[in-house]
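In structure tokens, one chain follows: the form predicted on its own.
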């Protein structure tokens, strides 16, 4: 493997670890929050913000920027940690998570630099994202739009309306990333309302689909670098992930979809995530 490429992958892995540490830091300050789906998304967010997306952190409203919509808005702790590391917001903002009148709330708020859409009510991000992608085409712009959705979120019918419309419009500048950690608030996705065969369903709607291990940084980078997967169709990346990734006691458990973070819990989490790099 090329040494420069390996150095890039190693750097992105460190970005992801840093994001996970700051997820727990933010939640500890607030007393709790959504650590499960935030942690499962960290590797993907690292690859998006520090490798794939064309952004200017000091010019967050730059018209030609790529757009990212966190449709699974309960993972905002991860987005805030990413925006801080990328330089959109000051690191001190992470200590204002879920504080009264803070722009860094439990869900994304467009009042915070780098946030493209206020989300939280699930099922809306894809439709807004396809509007952004369509707007780019209508304006002759070449910016790309990426939307991250959750697996439990796909039980919302509005996602499938958006999927149908995006394919009908042939929006090859639109990518959806499914953070497929297979656990939602009250149990497994299979128990609540199964999605399988997920890839076949999206393909049947007219999307070009690729499945990856969402914690294999090389696989994530390669999937992003290969976009778009078709000339006249939107792309879907199904990223198989682990709820609560990085902290063993929180992994693969719906109890850690959203939980309290005491001093003891925080210390245990940081011990597993290692010292900051």
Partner chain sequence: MSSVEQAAAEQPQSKSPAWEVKAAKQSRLAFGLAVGELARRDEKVAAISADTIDLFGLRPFLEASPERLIEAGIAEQNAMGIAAGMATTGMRPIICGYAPFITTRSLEQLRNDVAYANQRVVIGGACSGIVLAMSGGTHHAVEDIAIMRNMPNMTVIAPCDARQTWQAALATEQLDGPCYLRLGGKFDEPDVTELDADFRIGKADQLRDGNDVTVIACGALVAPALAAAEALAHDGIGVRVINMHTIKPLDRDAVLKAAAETGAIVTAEEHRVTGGLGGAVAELLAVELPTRMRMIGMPDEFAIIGPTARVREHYGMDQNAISDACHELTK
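Being a predicted model, the structure only gives us computed values, none of them experimental. Positions refer to the first chain, counted from 1.
Missing here is the form predicted together with the partner chain; even so, the following discussion is about that form.
Using a 4.5 Å cutoff between non-hydrogen atoms, residue 109 counts as a contact of the partner chain in the predicted bound form.
Contact annotation: residue 124 falls within 4.5 Å of the partner chain in the predicted bound form, judged by heavy atom distances. The partner chain is not shown here, but in the predicted bound form it comes within 4.5 Å of a heavy atom of residue 67. Taking non-hydrogen atoms only, residue 132 approaches the partner chain to within 4.5 angstroms in the predicted bound form. For the three marked residues, 190, 204 and 238, no heavy atom of any sits within 4.5 Å of the partner chain in the predicted bound form. The single contact residue among 113, 94, 199, 117, judged by any heavy atom lying within 4.5 Å of the partner chain in the predicted bound form, is 117. Residues placing heavy atoms within 4.5 Å of the partner chain in the predicted bound form fall in a single listed stretch, namely 161-169, out of 85-93, 72-80, 161-169, 182-190.
Contacts between 225-244 and the partner chain, taken as any heavy atom within 4.5 Å in the predicted bound form, involve no residue at all.
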